[in-house]
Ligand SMILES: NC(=O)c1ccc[n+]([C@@H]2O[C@H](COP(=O)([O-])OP(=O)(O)OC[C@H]3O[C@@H](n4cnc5c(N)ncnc54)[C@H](O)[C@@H]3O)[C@@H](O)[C@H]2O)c1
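The chain that follows stands alone, in the form predicted on its own, written as structure tokens.
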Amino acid sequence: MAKPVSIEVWNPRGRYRVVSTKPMPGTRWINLLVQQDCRLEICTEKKTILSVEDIIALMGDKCDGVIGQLTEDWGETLFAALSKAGGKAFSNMAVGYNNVDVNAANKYGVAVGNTPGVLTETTAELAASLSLAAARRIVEADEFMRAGLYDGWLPNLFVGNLLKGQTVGVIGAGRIGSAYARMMVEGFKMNLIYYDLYQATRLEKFVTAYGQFLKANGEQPVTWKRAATMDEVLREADVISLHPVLDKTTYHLINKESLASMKKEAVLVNCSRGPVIDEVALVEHLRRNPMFRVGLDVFEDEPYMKPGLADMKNAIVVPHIASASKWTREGMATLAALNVLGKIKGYPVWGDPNRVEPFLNENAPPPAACPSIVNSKALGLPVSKL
């Protein structure tokens, strides 16, 4: 039996009991729940990841809904416990839900929420930041300076790669991949090669128009190409950013063979899902190819890195912070809370989960709808007409 977890309580006399497994950024999400007669209990336990037993203890005998995190194991055990406590709603504070057994949620009639639409630009910005930092060896140079090793300018000191005129490769040209591509094309005048199962028409039009603008002003125009295969992107691009969904076709997409097909001085960036890269193979490739560089925000066995990765000077590693801008994280908290609140109140599901601005406008009440319920069809939930 798990020990009771420490909590912070808002609106103790509220009619509906909602629990959050973590404190979340901002206060708007709290106010929205309290204003709708919810008693909110926020777990303040000093643990990075709550166990299944901890969450069961937190939910107790009566719980109308839970706001949780992508690090938690939401499977049969937790959904059974939530259902037994009278709960009908759970929302990840994340766009991904690999940690959620949606079939188990369906079995117990629990709506599963997520938070897409709010982290497109923020994630793309981090991917662009890692691309530039890796190409120009910024982290290595920063550590060099802090160690007091700099005693004067040298011609070969931390020579990296120029991005202008090079080719940026994007695997997965959805909302985030396309936003990243635009940043790299417009910001650094890079040519684009991308692979996606679907044609990225808007992205292609953007690159074409920008190329025409550059040409009209006497500069070299940028170009785009839709690759027939992922391997084509890996072979041709100087900087490659991964933005695919994680499924059996993309698990270990980057492995020993695909790494060998890339340019020796290429830059590889991953802000999508850790298991897209075979991390053991990556460590060995980095060791053998010191001018090959990577920027990683996610890891195969998160929160752990495979042995040797932390020792690689040609790797930049950051702790899953792609969505970590103030606006985005506060927005994610708001959307997660509104998913739970909407189900409790019997609201329909918002028609377009990527059009989130009406929910994030602090100067107006949010729509009477759940922003994004991933299993809405399976549960037969109505769609909002707003």
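Keep in mind that what you see is a predicted model, and the values were worked out from it rather than measured. Think of the rigid core as the biggest set of C-alphas that the two forms share within 1.5 Å after superposition. One-based numbering along the sequence shown.
If you look for the form predicted in complex with the ligand, you will not find it shown, but the lines that follow are about it.
Student: Place the ligand on this chain by superposition, using its pose in the model of the complex; is the pocket open, or blocked by 3 or more ligand atoms lying within 2.4 Å of backbone or C-beta atoms?
Tutor: Open, going by where the ligand lands after superposition on the site C-alphas.
Student: Residue 212: heavy atom within 4.5 Å of the ligand in the model of the complex?
Tutor: Residue 212: no contact with the ligand in the model of the complex.
Student: State yes or no: in the model of the complex, is some non-hydrogen atom of residue 287 no more than 4.5 angstroms from a non-hydrogen atom of the ligand?
Tutor: Residue 287: no contact with the ligand in the model of the complex.
Student: Any chance residue 310 has a heavy atom within 4.5 Å of the ligand in the model of the complex?
Tutor: No, no contact at 4.5 Å.
Student: Any of the heavy atoms of residue 300 lying within 4.5 Å of the ligand in the model of the complex?
Tutor: The answer is no: residue 300 has no heavy atom within 4.5 Å of the ligand.
Student: Only one of 279, 72, 238, 196 has a non-hydrogen atom within 4.5 angstroms of the ligand in the model of the complex; which is it?
Tutor: Checking each option against the ligand in the model of the complex, the one that comes within 4.5 Å is 196.
Student: Consider the chain as shown here, without its partner, and state which of 255, 83, 161, 250 has a heavy atom within 4.5 Å of the ligand in the model of the complex.
Tutor: Contact with the ligand in the model of the complex is made by 250 alone.
Student: Could you tell me which of 214-222, 145-153, 291-299, 258-266 sits within 4.5 Å of the ligand in the model of the complex, going by non-hydrogen atoms?
Tutor: Of the options, only 291-299 has residues within 4.5 Å of the partner.
Student: Residue by residue through 310-341, which ones have a non-hydrogen atom no more than 4.5 angstroms from the ligand in the model of the complex?
Tutor: Heavy-atom contacts to the ligand in the model of the complex: 320, 322, 323.
Student: Checking residue 247 here: with the core superposed, does its CA move 2 Å or more between the shown form and the other one?
Tutor: Yes, shifts by 2 Å or more.
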